[in-house]
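Below you will find one chain, with nothing else, as structure tokens; this is the form predicted on its own, and questions on how it binds or moves follow later.
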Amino acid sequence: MNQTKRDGFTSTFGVLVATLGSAVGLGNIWKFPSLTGANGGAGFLLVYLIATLLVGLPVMIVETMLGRAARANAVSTFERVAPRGQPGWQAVGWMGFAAALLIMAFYSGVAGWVYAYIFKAISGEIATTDPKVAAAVFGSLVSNPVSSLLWQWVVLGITGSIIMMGVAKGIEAVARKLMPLLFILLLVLCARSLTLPGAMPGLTFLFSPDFSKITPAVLLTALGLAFFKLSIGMGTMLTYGSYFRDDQNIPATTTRVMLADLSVSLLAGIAIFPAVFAFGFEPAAGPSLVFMTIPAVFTAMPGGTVFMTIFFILTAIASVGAILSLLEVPVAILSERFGFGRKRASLYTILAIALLGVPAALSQSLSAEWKVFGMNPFDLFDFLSSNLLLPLGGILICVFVGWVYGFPELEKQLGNRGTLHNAWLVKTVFFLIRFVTPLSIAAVLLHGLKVF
């Protein structure tokens, strides 16, 4: 395919916000606070930060670099950058393709719950200080087949219409508007949370580490979150990297994305934990924190309905960028490798995810008894993508760059062909990718497979 006809990001800021939109998702507002709360607070945060530097960021750098070097989709990237005589590496791209579809099958359902909760917050349906009542409302939503499917399809319809518009006019244009709005809404919530009486214990929990709570399980959980949080191992950074400008400083850009992503997570923690402690709720509520505990927390504060609505709007915004990046992986593959037009490729992708997502969306109702290895469809798709495909893909990318692609080519690409003087940084990334990062991801893989 003629590379000049490929769409791409139009500016440095566009690259930053679009890539940040991919990294920021429900994980920042939902998974990060719940895991932080369940794993002891600040100690987990410290380990997560170290793990991000050693695992998440190096893979993000080399994935993005490979995409830009090839100027192609996730599968064709490996065909173009792999040495002659080693044709099998495109399997990594196909793994990303499969992972993106599986993740979207259940992630779009969770995003649908968030969309539904915006209207529940506005109507006052979840305005209760009793987490048990909030749990009953949530249970009625996820156990209703019609509402579960309807809200999932709403999410796919909105994000599908954006992806059809292309990279610059769709993904980048939307990210330019939504990412600043996300930060503004988070700051509003943080300001309100910090002014609550009794908010200080929440900040202590988040920023004053208790090292006795850092167990091997906490270490592995933080490693896993650091790897998955930055949208790596699923083809998204390979695909987005192919839209980067030639003069983009990849290490600097990805580091800014990582820091901005961490900032969003920290702001979410500041918005949530002071309020949780101020009203005497349980910080270790786990995944139920957003849908069951948060409504009770916000209802208990003056003006709670307004701030609860803001919270679910920003959570919905956070989901959009991540969904767009996941959709772009199969759309780019279908359009470039199979000759489909972008709109046709987008439509096929949305339809495939809608069909695949039916059993996942109905996992709390009609398909609850459809068990594979003891897991319902929602849990099975999550397990196959998060515990198997993503870590395997991450390990293979490390092996490819560290032992096949090689240091000279890595230095040329990350140094922008000698225009950037960052040899020490490239050497550090190369060492991590060769040794530290793949071993760390292997530990995450074995832990996820319950080997230890």
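Since the structure is predicted, the reported quantities are computational estimates derived from the model, not experimental observations. Residue positions are given as counts along the sequence shown, with the first one as 1.
Below, we refer to the form predicted together with a small molecule, which is not included among the displayed structures.
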Margin query: Is residue 242 part of the interface with the small molecule in the model of the complex - any heavy atom within 4.5 Å?
Written below: no
Checklist line | Touches the small molecule in the model of the complex: residue 433 (any heavy atom, 4.5 Å) | finding: no
Margin query: Please tell me whether any heavy atom belonging to residue 335 falls inside 4.5 Å of a heavy atom of the small molecule, as the geometry stands in the model of the complex.
Written below: no
Margin query: With a cut-off of 4.5 Å between heavy atoms, is residue 37 one of the residues that contacts the small molecule in the model of the complex?
Written below: no
Notebook entry, point to check: Ok, 345, 103, 126, 186: which has a heavy atom sitting within 4.5 Å of the small molecule in the model of the complex?
Noted result: 103
Notebook entry, point to check: Between the options 148, 325, 159, 315, which residue brings a heavy atom to within 4.5 Å of the small molecule in the model of the complex?
Noted result: 325
Notebook entry, point to check: Of 301-309, 214-222, 193-201, 230-238, which is the one stretch near the small molecule in the model of the complex, taking non-hydrogen atoms within 4.5 angstroms as near?
Noted result: 230-238
